[in-house]
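As a starting point, one isolated chain is supplied in structure tokens, in the form predicted on its own.
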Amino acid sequence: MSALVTAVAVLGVITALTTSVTAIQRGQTPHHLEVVAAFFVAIAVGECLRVWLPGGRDAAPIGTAAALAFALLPHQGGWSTYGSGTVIVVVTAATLVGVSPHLLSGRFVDRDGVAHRLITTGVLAVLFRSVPVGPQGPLSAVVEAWTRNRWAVALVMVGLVALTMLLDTALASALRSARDRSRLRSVLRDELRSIVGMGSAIGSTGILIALATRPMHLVALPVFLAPLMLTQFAFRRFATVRETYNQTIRSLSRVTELGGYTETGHSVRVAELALAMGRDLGLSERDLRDLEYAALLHDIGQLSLAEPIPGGATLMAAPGEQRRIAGLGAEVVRQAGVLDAVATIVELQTASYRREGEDDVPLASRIIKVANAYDDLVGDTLEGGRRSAGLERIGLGLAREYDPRVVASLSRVLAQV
């Protein structure tokens, strides 16, 4: 999927470049090159000032808003030769310039994200500037006749940007689903939820710049991009705080290892396996985050033991002892004051699937129960025989101790490794 999206983006850029070169050879050079240069700089700077949004999304809000505005600029004052090919070429070149510092310094850049943004910006430019909708030509020419009905122009732009955002969401969802091996429906739901926040701000900023460029000229760029930049800085700070929070929980999860209560890497392996199963079962981003925290901290209750369980394998402990460890661990987690959902998952991780009165055991708890049992039996070995034996042992408790749906997910996840 990633290769296909990248190929489509490259093909679109090559086609746009060919079209632009042909237009220049015919003498159709865009006027007002200072406008093109200003948007080029805005897009490049926006791509350079990238930010990680919740859910691990690598985004460039300022660059994206400037690109949308550039695609929607009206035909005015000799800009009639400024077509969709020019938009695609300028946006692509500016994007490459903007991400170059990140690439040169070795920082991660989501190439798939760059590719699908180029595709959606190109589609917007083609729809607005190239596709004829009547005798007057494309929409960019039609809206010029609506000088007394600027609200109609705004509605057209809103519709086009909304369509563009939906296309971008669909591509991003397909790429994430293929990369993370998640269910497309759950990923699409998360992506749609994300565009309500930053996505709506990006789209509205692009529309405002496009509408305000005629009366305000290039002053519209800094005026309307400044609030988005402040919002981006707030998101960057939020992402930094969340990353610090994640690192703190990971450090806390290693206390049991350092104390000799669990094997080295056990909590991380359980968390990674649980996340893979959670994605396979279609959990949302929020549920996956709670699942990860609970999996990392699922053994924290072992610190109450006078003597460690051999190998730290709670699977070998008596059922009553397992429940006591889980309950004590949940109390520790609740002390944080903001992880009540995680505490509940930890507390119910030992509940039997068919145990009377416990039909409301969270799916995350059932996932951790299976992931923990598998790692207790197999550990970090890659030996096929031991892994098969671990699956068989878990299969003996199928539909009694373990949720059959979760065990089936474990088999699918392991088959992909």
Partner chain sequence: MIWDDWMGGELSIESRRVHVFVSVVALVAIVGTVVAARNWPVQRWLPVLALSALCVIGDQWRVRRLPNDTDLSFNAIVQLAALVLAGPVAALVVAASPALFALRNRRLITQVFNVAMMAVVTLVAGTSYYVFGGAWGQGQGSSSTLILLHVAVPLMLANSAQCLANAALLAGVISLDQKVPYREVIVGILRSGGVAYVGYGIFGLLLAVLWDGAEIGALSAVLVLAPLFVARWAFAQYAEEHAAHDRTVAALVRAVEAKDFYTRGHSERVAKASVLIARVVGLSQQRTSTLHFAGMLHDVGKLAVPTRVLQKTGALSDEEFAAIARHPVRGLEMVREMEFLGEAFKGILHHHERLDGRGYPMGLSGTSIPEFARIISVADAFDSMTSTRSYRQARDVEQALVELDRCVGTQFDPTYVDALHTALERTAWQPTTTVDPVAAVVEGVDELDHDDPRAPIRRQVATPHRGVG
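Keep in mind that this is a model prediction, so the values were computed, not measured. Positions refer to the first chain, counted from 1. Under this definition, the rigid core comprises the largest set of C-alpha atoms superposing within 1.5 Å between the forms.
Although not depicted, the form predicted in complex with the partner chain is the subject of the following passage.
Given that the partner is absent here, state which listed stretch (85-93, 202-210, 165-173, 134-142) has heavy atoms within 4.5 Å of the partner chain in the model of the complex. Single hit among the candidates: 202-210.
Using a 4.5 Å cut on heavy atoms, which of 237, 107, 179, 185 is close to the partner chain in the model of the complex? If I apply the 4.5 Å criterion carefully, the residue I get is 237.
Contact assignment for the partner chain in the model of the complex, among 341, 127, 154, 192, heavy atom within 4.5 Å: After the contact test, the surviving option is 154.
Please determine whether each residue of 244, 248 and 332 possesses a non-hydrogen atom within 4.5 angstroms of the partner chain in the model of the complex. Judged in the model of the complex, 244, 248 and 332 all sit within 4.5 Å of the partner chain.
So, in the model of the complex, is residue 319 in contact with the partner chain at a 4.5 angstroms heavy atom limit? The answer is no: residue 319 has no heavy atom within 4.5 Å of the partner chain.
With a cut-off of 4.5 Å between heavy atoms, is residue 161 one of the residues that contacts the partner chain in the model of the complex? Output for residue 161 is no: heavy atoms all beyond 4.5 Å of the partner chain.
Taking 4.5 angstroms as the cut-off for heavy atoms, does residue 289 touch the partner chain in the model of the complex? It does: once the partner chain is placed as it appears in the model of the complex, residue 289 has a heavy atom within 4.5 Å of it.
Does residue 258 make contact with the partner chain in the model of the complex, using a 4.5 Å heavy atom cut-off? Within the cut-off, so yes.
Hey, does residue 262 budge by 2 Å or more at the Cα between the shown form and the other one once the core is superposed? It does, since the residue 262 C-alpha is displaced 2 Å or more between the shown form and the other one after the core fit.
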